[in-house]
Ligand code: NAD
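Presented below, as structure tokens, is a lone chain in the form predicted alone.
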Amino acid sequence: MGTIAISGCATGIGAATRKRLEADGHRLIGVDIKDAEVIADLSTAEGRARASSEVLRHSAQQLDGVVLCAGLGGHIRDNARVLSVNYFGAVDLLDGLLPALRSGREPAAVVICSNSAQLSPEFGSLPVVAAMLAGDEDEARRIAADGLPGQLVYMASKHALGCAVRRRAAAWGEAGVRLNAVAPGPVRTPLLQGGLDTPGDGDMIRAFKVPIGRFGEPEEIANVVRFLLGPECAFVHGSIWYADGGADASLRPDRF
């Protein structure tokens, strides 16, 4: 059994994934703003640096897995914070923990993205996405806070995150560490409930068609994460796995 660091472990998909991996006998090092081994605010550079250093201390510089689940929904109406947590809170931890993963046994990392990351072909041309991918957090936060709709910022942050995973495939493969992402659809979590309870956002979420006719459960996403971390997926690297009840396929049948 291995040592796995997991962000966003206190609720939702992160909590379900932690429970599933612990049931397999793994040792989990949780990162969250509460109820975790490492308490850190991933919306700030200082918080992310603390998270990385504390995980490295708890793990004695050796990790077999990393799962990054921490994220905020666009309904919270703090665009800059959403962007910082969803994108920089993930990529900074990824890069900060890579040396420890290189020392692990059959190491792998999984990032929670979103099936909304590809809803529009225009996401790639957005200035806020360009700023994120350039690593310019100040500029990305400025653009996000300057009148962009909250849900657009959420989707843009997840689009950039998916790109960041794909762009790291070559370097991480050479380092001997597999890296993949899961793109869930609507899953019954506090994040989804927050959106459902927000006027306007809730109507949009309810109108989103899921072909199998229901929202997902956190445990269903946890099972995909577990699979991607395991030896059965030894040749899977740099991929984005959709776990969304067929929603992406119904919207983009000819783009995959």
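Residue numbers run from 1 along the displayed sequence. Computed from a prediction, not measured in an experiment: that's the story for all the values here.
The protein also exists as the form predicted together with ligand NAD; that form is not presented, and the subsequent description refers to it.
In plain terms, the part of the chain that comes close to ligand NAD in the predicted bound form, with a heavy atom within 4.5 Å, is 27-35 out of 195-203, 27-35, 56-64, 224-232. Contact between residue 150 and ligand NAD in the predicted bound form is not found at the 4.5 Å heavy atom cutoff. Using a 4.5 angstroms limit between non-hydrogen atoms, residue 239 is distant from ligand NAD in the predicted bound form. Of the heavy atoms in residue 112, some are within 4.5 Å of ligand NAD in the predicted bound form. Taking the partner from elsewhere, residue 141 is found to have every heavy atom lying beyond 4.5 Å of ligand NAD in the predicted bound form. In the predicted bound form, the residues of 1-29 lying within 4.5 Å of ligand NAD by at least one heavy atom are, in order, 8, 9, 10, 11, 12, 13, 14.
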